[in-house]
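Take a look at this single chain, the form predicted alone, given in structure tokens.
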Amino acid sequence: MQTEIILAGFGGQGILFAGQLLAYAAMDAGREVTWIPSYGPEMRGGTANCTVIISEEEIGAPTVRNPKAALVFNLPSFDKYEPLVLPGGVLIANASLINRSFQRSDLTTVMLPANEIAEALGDKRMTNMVMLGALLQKLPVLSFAAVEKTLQDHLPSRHKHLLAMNFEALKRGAEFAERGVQTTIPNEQVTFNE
């Protein structure tokens, strides 16, 4: 079985790191994996996305047209990837930067205020872990324990003091996705569908 995941948003949102974390966790679990980053020339604020493929068998090609899942951190990425996710797939979206609801009803979807959850934890850099926690709750391609162990093993030493906060961010994202909490964004009601 092969699972393709796209993570997309602006540079500086921790998208590439979240993708790397998934890839390392899959490798540590003995799976076949590819991680392909793509980003604009800007240091921060430009486009950034990555594709992660996790498989039990050898991966034929690292490119993905229609992923099984997508984590979208901003409106341009939401507009681009919502139509591309496979029917029956998973779409996790950041309500903090998206001002419209889902247009598809054939996906498992979660719209969560990831920026606000991260800021409530004390560090907006945790947004990527909040989003990743929601994904792992809805698409259990890897266990939380595996991702936490990989985070502990691969987080640069200068960031080790943030481990507990990263774990909490994963947990908060997962709890939000599990409860199916609804949140209001300007002029629309954001819903959770399954």
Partner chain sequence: MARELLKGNIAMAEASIRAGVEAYFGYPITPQTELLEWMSLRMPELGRAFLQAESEVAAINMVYGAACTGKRVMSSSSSPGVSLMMEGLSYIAGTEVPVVLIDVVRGGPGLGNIAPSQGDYNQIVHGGGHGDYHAIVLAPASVQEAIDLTVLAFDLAEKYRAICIVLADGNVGQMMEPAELPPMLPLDRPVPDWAVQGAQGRERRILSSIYLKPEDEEVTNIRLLERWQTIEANEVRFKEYYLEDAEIAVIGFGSAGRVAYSAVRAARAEGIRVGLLRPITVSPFPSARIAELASQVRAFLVAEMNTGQMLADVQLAVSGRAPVEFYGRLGGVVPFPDEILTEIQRIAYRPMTMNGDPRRSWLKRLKSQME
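If you're wondering where the values come from, they're calculated on a predicted model, not measured in any experiment. Residue numbers count along the first chain shown, from 1.
Another form exists, predicted in complex with its partner chain; not displayed. Remarks below refer to it.
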{"query": "Stretch from 125 to 133, 50 to 58, 138 to 146, 156 to 164 whose residues place a heavy atom within 4.5 Å of its partner chain in the predicted bound form", "finding": "50 to 58"}
{"query": "Contact test in the predicted bound form: residue 32 vs its partner chain, heavy atoms, 4.5 Å", "finding": "yes"}
{"query": "Contact label in the predicted bound form: residue 62 to its partner chain, heavy atom within 4.5 Å", "finding": "yes"}
{"query": "Exercise: residue 18 in contact with its partner chain in the predicted bound form, heavy atom 4.5 Å", "finding": "no"}
